[in-house]
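Take a look at this single chain in C-alpha coordinates; it is the form predicted alone.
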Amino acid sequence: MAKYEQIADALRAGIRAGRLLPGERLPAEDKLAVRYRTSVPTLQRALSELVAEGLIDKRHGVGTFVRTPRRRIERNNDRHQWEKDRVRRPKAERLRTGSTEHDTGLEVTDLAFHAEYRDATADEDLASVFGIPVGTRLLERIYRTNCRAEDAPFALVHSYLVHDVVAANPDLLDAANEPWPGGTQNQLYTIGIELDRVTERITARPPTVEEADRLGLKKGVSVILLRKICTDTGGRVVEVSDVTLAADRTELVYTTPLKRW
(Lines give C-alpha, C1' and ligand atoms only; values in the text may rest on other atoms or scores of the structure.)
Protein backbone atom coordinates (compact mmCIF):
# COMPACT_ATOMS: atom_id res chain seq x y z
CA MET A 1 0.00 0.00 0.00
CA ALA A 2 1.34 3.41 -0.99
CA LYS A 3 2.23 5.91 1.76
CA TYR A 4 -0.61 8.30 0.86
CA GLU A 5 -3.09 5.40 1.07
CA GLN A 6 -1.80 4.49 4.55
CA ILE A 7 -2.28 8.08 5.69
CA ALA A 8 -5.76 8.27 4.16
CA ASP A 9 -6.65 4.99 5.91
CA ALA A 10 -5.48 6.32 9.27
CA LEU A 11 -7.43 9.56 8.97
CA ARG A 12 -10.49 7.75 7.63
CA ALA A 13 -10.43 5.36 10.58
CA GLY A 14 -10.17 8.29 12.98
CA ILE A 15 -13.22 9.97 11.44
CA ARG A 16 -15.32 6.82 11.41
CA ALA A 17 -14.36 5.90 14.98
CA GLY A 18 -15.30 9.38 16.21
CA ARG A 19 -11.78 10.37 17.23
CA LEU A 20 -12.08 13.19 14.70
CA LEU A 21 -15.48 14.85 15.07
CA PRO A 22 -17.68 16.64 12.48
CA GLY A 23 -16.58 20.26 12.18
CA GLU A 24 -13.19 19.59 13.79
CA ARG A 25 -10.26 21.33 12.15
CA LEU A 26 -7.32 19.13 11.19
CA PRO A 27 -3.75 20.26 11.96
CA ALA A 28 -1.97 22.23 9.25
CA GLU A 29 -0.63 20.16 6.36
CA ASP A 30 3.01 20.64 7.32
CA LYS A 31 2.28 19.42 10.87
CA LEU A 32 0.35 16.41 9.56
CA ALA A 33 3.24 15.63 7.24
CA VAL A 34 5.60 15.58 10.21
CA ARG A 35 3.22 13.39 12.21
CA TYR A 36 3.02 10.82 9.41
CA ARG A 37 6.70 11.16 8.46
CA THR A 38 6.01 12.04 4.87
CA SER A 39 6.27 14.93 2.44
CA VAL A 40 3.61 17.62 2.13
CA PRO A 41 2.73 16.56 -1.47
CA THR A 42 2.15 12.99 -0.28
CA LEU A 43 0.04 14.26 2.61
CA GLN A 44 -1.97 16.44 0.21
CA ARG A 45 -2.64 13.43 -1.99
CA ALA A 46 -4.03 11.56 1.03
CA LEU A 47 -6.27 14.50 1.90
CA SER A 48 -7.51 14.66 -1.69
CA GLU A 49 -8.71 11.08 -1.35
CA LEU A 50 -10.78 12.00 1.70
CA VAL A 51 -12.17 15.12 0.02
CA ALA A 52 -13.37 12.96 -2.89
CA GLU A 53 -15.03 10.58 -0.43
CA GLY A 54 -16.86 13.46 1.22
CA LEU A 55 -15.18 12.93 4.60
CA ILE A 56 -13.36 16.27 4.82
CA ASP A 57 -13.62 19.79 3.39
CA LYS A 58 -10.68 21.95 2.39
CA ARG A 59 -11.53 25.64 2.76
CA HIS A 60 -9.11 27.90 0.97
CA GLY A 61 -7.25 30.14 3.38
CA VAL A 62 -9.04 28.67 6.39
CA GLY A 63 -8.05 25.03 6.80
CA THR A 64 -9.22 21.44 6.49
CA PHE A 65 -12.25 20.27 8.45
CA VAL A 66 -14.03 17.00 9.11
CA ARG A 67 -17.22 17.16 7.10
CA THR A 68 -20.60 16.81 8.78
CA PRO A 69 -22.08 13.69 7.14
CA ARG A 70 -25.01 14.35 4.86
CA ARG A 71 -28.12 12.23 5.23
CA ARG A 72 -27.64 9.00 3.30
CA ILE A 73 -30.20 7.31 1.08
CA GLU A 74 -30.83 3.58 1.04
CA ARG A 75 -32.83 2.78 -2.06
CA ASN A 76 -33.99 -0.84 -2.06
CA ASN A 77 -36.23 -2.89 -4.31
CA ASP A 78 -38.99 -3.14 -1.70
CA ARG A 79 -39.85 0.55 -2.09
CA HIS A 80 -42.12 0.08 -5.12
CA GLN A 81 -44.25 -2.59 -3.46
CA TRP A 82 -44.33 -0.43 -0.33
CA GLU A 83 -45.67 2.44 -2.45
CA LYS A 84 -48.21 0.21 -4.21
CA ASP A 85 -49.47 -1.12 -0.88
CA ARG A 86 -50.29 2.47 0.12
CA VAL A 87 -52.11 3.46 -3.07
CA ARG A 88 -55.60 2.66 -1.78
CA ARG A 89 -54.95 3.71 1.82
CA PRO A 90 -56.84 6.72 3.26
CA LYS A 91 -55.45 10.10 2.24
CA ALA A 92 -54.51 10.97 5.82
CA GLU A 93 -52.25 7.92 5.96
CA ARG A 94 -50.69 8.69 2.59
CA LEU A 95 -49.96 12.24 3.69
CA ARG A 96 -47.84 11.10 6.62
CA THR A 97 -44.96 9.70 4.61
CA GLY A 98 -43.63 9.20 1.09
CA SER A 99 -40.88 7.40 -0.80
CA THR A 100 -38.16 9.90 0.21
CA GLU A 101 -39.02 9.41 3.87
CA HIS A 102 -38.93 5.66 3.21
CA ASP A 103 -35.43 5.91 1.74
CA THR A 104 -33.94 8.31 4.30
CA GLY A 105 -35.76 7.59 7.56
CA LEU A 106 -36.73 11.27 7.82
CA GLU A 107 -40.14 12.73 8.64
CA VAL A 108 -42.21 14.90 6.29
CA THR A 109 -41.38 17.93 8.43
CA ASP A 110 -37.64 17.32 7.92
CA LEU A 111 -37.93 17.79 4.16
CA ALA A 112 -38.16 20.65 1.68
CA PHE A 113 -39.90 19.62 -1.55
CA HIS A 114 -40.02 21.35 -4.94
CA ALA A 115 -41.91 20.26 -8.05
CA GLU A 116 -42.03 21.86 -11.49
CA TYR A 117 -44.25 20.69 -14.36
CA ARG A 118 -43.69 21.54 -18.02
CA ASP A 119 -44.66 20.41 -21.49
CA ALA A 120 -42.18 18.21 -23.35
CA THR A 121 -42.10 16.07 -26.47
CA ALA A 122 -40.80 12.54 -26.84
CA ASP A 123 -37.35 12.35 -28.40
CA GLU A 124 -36.15 9.11 -30.00
CA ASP A 125 -34.98 7.73 -26.65
CA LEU A 126 -38.23 8.31 -24.74
CA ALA A 127 -40.39 7.41 -27.74
CA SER A 128 -38.63 4.06 -27.95
CA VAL A 129 -39.16 3.32 -24.24
CA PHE A 130 -42.81 4.37 -24.22
CA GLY A 131 -43.54 2.76 -27.59
CA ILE A 132 -44.99 6.02 -28.99
CA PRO A 133 -44.18 8.21 -32.02
CA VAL A 134 -41.35 10.73 -31.78
CA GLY A 135 -42.81 14.14 -30.98
CA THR A 136 -45.68 12.83 -28.84
CA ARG A 137 -46.66 15.34 -26.17
CA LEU A 138 -45.38 14.48 -22.69
CA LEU A 139 -45.74 15.92 -19.22
CA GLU A 140 -42.32 16.39 -17.64
CA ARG A 141 -42.20 16.59 -13.85
CA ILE A 142 -39.01 17.85 -12.19
CA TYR A 143 -38.60 16.98 -8.52
CA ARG A 144 -36.04 18.19 -5.97
CA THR A 145 -36.22 17.12 -2.31
CA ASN A 146 -33.66 17.96 0.34
CA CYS A 147 -33.26 17.70 4.07
CA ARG A 148 -34.06 21.13 5.52
CA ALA A 149 -30.70 21.07 7.32
CA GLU A 150 -28.86 20.71 3.99
CA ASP A 151 -28.75 22.73 0.78
CA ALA A 152 -28.27 20.00 -1.83
CA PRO A 153 -31.15 17.72 -2.90
CA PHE A 154 -30.98 13.96 -2.52
CA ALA A 155 -31.39 13.51 -6.27
CA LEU A 156 -32.27 15.23 -9.54
CA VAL A 157 -35.47 13.64 -10.84
CA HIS A 158 -37.10 14.06 -14.26
CA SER A 159 -40.32 12.06 -14.59
CA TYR A 160 -42.21 11.70 -17.87
CA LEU A 161 -45.86 10.79 -18.48
CA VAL A 162 -47.80 10.70 -21.75
CA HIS A 163 -49.84 13.90 -21.61
CA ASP A 164 -53.02 12.58 -23.25
CA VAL A 165 -53.10 9.65 -20.80
CA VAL A 166 -52.84 11.68 -17.57
CA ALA A 167 -55.07 14.49 -18.89
CA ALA A 168 -58.00 12.23 -17.99
CA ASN A 169 -57.54 13.72 -14.51
CA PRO A 170 -56.81 17.49 -14.81
CA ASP A 171 -55.44 17.50 -11.24
CA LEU A 172 -52.47 15.49 -12.51
CA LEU A 173 -51.43 18.38 -14.76
CA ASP A 174 -51.04 20.90 -11.94
CA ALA A 175 -47.79 21.09 -9.96
CA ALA A 176 -49.66 22.92 -7.22
CA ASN A 177 -51.08 19.53 -6.17
CA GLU A 178 -47.60 18.31 -5.25
CA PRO A 179 -46.44 16.65 -3.11
CA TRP A 180 -49.15 14.19 -4.08
CA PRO A 181 -50.20 11.87 -1.23
CA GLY A 182 -49.17 8.40 -2.31
CA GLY A 183 -46.87 9.53 -5.10
CA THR A 184 -46.98 8.55 -8.76
CA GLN A 185 -48.63 5.19 -8.19
CA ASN A 186 -51.61 6.87 -6.54
CA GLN A 187 -51.73 9.49 -9.30
CA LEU A 188 -51.95 6.71 -11.88
CA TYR A 189 -54.58 4.91 -9.78
CA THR A 190 -56.86 7.96 -10.11
CA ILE A 191 -57.04 7.30 -13.87
CA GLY A 192 -57.48 3.55 -13.52
CA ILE A 193 -53.87 2.46 -13.97
CA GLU A 194 -52.30 -0.26 -11.83
CA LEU A 195 -48.58 -0.98 -12.10
CA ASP A 196 -47.47 -4.51 -12.84
CA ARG A 197 -43.71 -3.99 -12.61
CA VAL A 198 -40.97 -1.41 -12.23
CA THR A 199 -37.69 -1.85 -14.09
CA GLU A 200 -34.62 0.08 -12.95
CA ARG A 201 -31.49 0.40 -15.09
CA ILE A 202 -28.40 1.71 -13.31
CA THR A 203 -25.15 3.19 -14.63
CA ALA A 204 -22.54 5.62 -13.29
CA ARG A 205 -20.33 8.37 -14.67
CA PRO A 206 -18.58 11.60 -13.66
CA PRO A 207 -21.06 14.45 -13.09
CA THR A 208 -21.53 17.38 -15.41
CA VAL A 209 -20.61 20.79 -13.99
CA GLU A 210 -24.31 21.53 -13.46
CA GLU A 211 -24.95 18.21 -11.69
CA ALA A 212 -21.95 18.66 -9.40
CA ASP A 213 -23.15 22.14 -8.48
CA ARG A 214 -26.77 21.16 -7.83
CA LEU A 215 -25.92 18.03 -5.86
CA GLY A 216 -23.10 19.69 -3.93
CA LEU A 217 -20.52 17.14 -5.08
CA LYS A 218 -16.84 17.37 -4.31
CA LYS A 219 -14.25 16.77 -7.02
CA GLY A 220 -13.88 13.07 -7.79
CA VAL A 221 -17.40 12.02 -6.71
CA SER A 222 -19.42 10.25 -9.39
CA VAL A 223 -23.15 10.25 -10.01
CA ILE A 224 -25.40 7.20 -10.21
CA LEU A 225 -27.88 7.31 -13.08
CA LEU A 226 -31.09 5.38 -12.54
CA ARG A 227 -33.76 5.02 -15.19
CA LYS A 228 -37.06 3.80 -13.74
CA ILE A 229 -39.58 2.35 -16.20
CA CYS A 230 -43.11 1.68 -14.89
CA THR A 231 -45.29 -0.79 -16.80
CA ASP A 232 -49.00 -1.29 -16.17
CA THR A 233 -50.92 -4.57 -15.96
CA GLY A 234 -51.67 -4.34 -19.67
CA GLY A 235 -47.98 -4.25 -20.62
CA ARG A 236 -47.95 -0.51 -21.44
CA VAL A 237 -45.14 1.75 -20.24
CA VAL A 238 -46.86 4.56 -18.34
CA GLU A 239 -44.01 6.44 -16.66
CA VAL A 240 -40.29 6.90 -17.22
CA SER A 241 -38.09 8.62 -14.63
CA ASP A 242 -34.45 9.62 -14.96
CA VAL A 243 -32.91 9.96 -11.50
CA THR A 244 -29.41 11.35 -10.87
CA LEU A 245 -28.03 10.40 -7.45
CA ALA A 246 -24.89 11.45 -5.59
CA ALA A 247 -22.62 8.41 -5.25
CA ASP A 248 -21.17 9.61 -1.93
CA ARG A 249 -24.53 9.50 -0.15
CA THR A 250 -26.52 6.79 -1.92
CA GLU A 251 -26.60 3.06 -1.30
CA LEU A 252 -28.55 0.83 -3.67
CA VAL A 253 -29.72 -2.33 -1.91
CA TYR A 254 -31.29 -5.11 -3.97
CA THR A 255 -32.32 -8.36 -2.33
CA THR A 256 -33.55 -11.07 -4.69
CA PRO A 257 -35.62 -13.91 -3.17
CA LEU A 258 -34.56 -17.23 -4.72
CA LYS A 259 -36.88 -20.13 -5.34
CA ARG A 260 -36.03 -23.27 -3.42
CA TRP A 261 -35.22 -26.49 -5.17
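Residue indices: 1-based, along the sequence shown. Definition used throughout: the rigid core is the maximal C-alpha set that superposes within 1.5 Å between two forms. Computed from a prediction, not measured in an experiment: that's the story for all the values here.
There is another form of this protein, the form predicted in complex with the DNA, and it is not shown here; the text below is about that form.
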Contacting member of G235, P69, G63, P206, with respect to the DNA in the model of the complex [4.5 Å, heavy atom]: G63
Looking at 207-215, 41-49, 192-200, 220-228, which lies within 4.5 angstroms of the DNA in the model of the complex, counting heavy atoms? 41-49
Look at the candidate spot formed by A92, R94 and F113 and say whether the DNA comes within 4.5 Å of a heavy atom in all three of them in the model of the complex. no
Though only this chain appears here, would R19 touch the DNA in the model of the complex if you measure heavy atom gaps against 4.5 Å? no
Non-hydrogen atom contact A28 with the DNA in the model of the complex at 4.5 angstroms: yes
Please run the contact check for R59 against the DNA in the model of the complex: heavy atoms, 4.5 angstroms, yes or no? yes
Verify the C-alpha shift of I224 between this form and the one not shown: is it 2 Å or more after superposing the core? no
Core superposed first: is there a CA shift of 2 Å or greater at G192 between this form and the one not shown? no
